[in-house]
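Only one chain comes next, encoded as structure tokens, the form predicted alone.
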């Protein structure tokens, strides 16, 4: 049996098509609010139930509960604030009870029913979520750049914007149907923002040994310079799945999501998202959702002991490497050999090789995957 949705009910807040036409026709009378990429992605994930049980952006009571207890006010685990920020000018234009048309890239993307507009403490927010107020942390930098007010209220998502990856996306309702059709009672989810190397493959296959199916869930969205392009990640995974996994053992579907780099808190959030897709297990590796040296190497695994009621089983893995003594992939928990026999997988070295048009060493990446990546004129974000 696939996992029950977080909170017991899978939310759907997508505006029906018959209402959509009426709303868009009458939208001139509604106040409008432009949202950025992060809020738009959050809106989509609320709409399709990826963030169940949320039906909108957090009000002040829920925000305080999440910050201080890592739970909603009903005691349900929730670790990352899902909020909509506005500036002083926008605050003067909207009020309690208003229905606001949310805009992204010039397109209407949602309706917000305003229930509360409130001030918040950015320093407290950053310290609680990221365990630091260092502006060099990308999550902290975003919080400090946000408007001085937050808007709480329920939403309805309008799926108007297309990004070319629609064929790669399945909603939580669709993945649950697919898992049931395949007869999968246990499903392990793997989040990725990168092309697959041998370490990723061996973590996934080790986990797959104990469950019925593997759900690979790449994060699609804003990337920084030097990252692999979304289409490159997807094609590389298609090569790996088609060539090196048993037929019918893997489902791949994207999720559009803006990383917070909140380390341990975000690891819990990622697990909740995959629980809503129907996964029963979730892979948590070294430094999951971390950045820089703000979190311990395995702190994102340790936090799960605080959430025995999470409703999804975490699978913890140590770092995989190629060991010449073992004659294959291994990790520090099972490898008896000295470090000088180990070839650690370096994302930097893989990027350097690929940027020069060279296939990385076979101890780091499969040749077939590397050749797929090199088939693109420029696999990296400029």
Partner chain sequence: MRKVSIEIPETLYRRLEALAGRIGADSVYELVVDLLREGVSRLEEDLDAGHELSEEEVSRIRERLRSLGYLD
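Since this is a predicted model, take the numbers as computed values, not measurements. Numbering follows the first chain given and starts at 1.
Just so you know, the form predicted in complex with the partner chain exists too; it's not on screen, but the next bit is about it.
Visitor: Would you check, heavy atoms only and a 4.5 Å threshold, whether residue 182 touches the partner chain in the predicted complex?
Guide: The answer is yes: residue 182 has a heavy atom within 4.5 Å of the partner chain.
Visitor: My question is simply whether residue 297 lines the interface with the partner chain in the predicted complex - judged by any non-hydrogen atom within 4.5 Å.
Guide: Judged by the heavy-atom cut-off of 4.5 Å, residue 297 is well away from the partner chain in the predicted complex.
Visitor: Is there any non-hydrogen atom of residue 253 lying within 4.5 Å of the partner chain in the predicted complex?
Guide: Answer yes; at least one heavy atom of residue 253 falls within 4.5 Å of the partner chain in the predicted complex.
Visitor: Is residue 74 close to the partner chain in the predicted complex, meaning a heavy atom pair under 4.5 Å apart or at it?
Guide: Close contact exists here: in the predicted complex, residue 74 approaches the partner chain to within 4.5 Å, heavy atoms only.
Visitor: Ok, 25, 367, 9, 17: which has a heavy atom sitting within 4.5 Å of the partner chain in the predicted complex?
Guide: Contact check passes for 9.
Visitor: Only one of 169, 118, 261, 245 has a non-hydrogen atom within 4.5 angstroms of the partner chain in the predicted complex; which is it?
Guide: By the 4.5 Å criterion, the partner-contacting residue is 169.
Visitor: Looking at 303-311, 140-148, 82-90, 289-297, which stretch has residues with any non-hydrogen atom within 4.5 Å of the partner chain in the predicted complex?
Guide: After filtering at 4.5 Å, what remains is 303-311.
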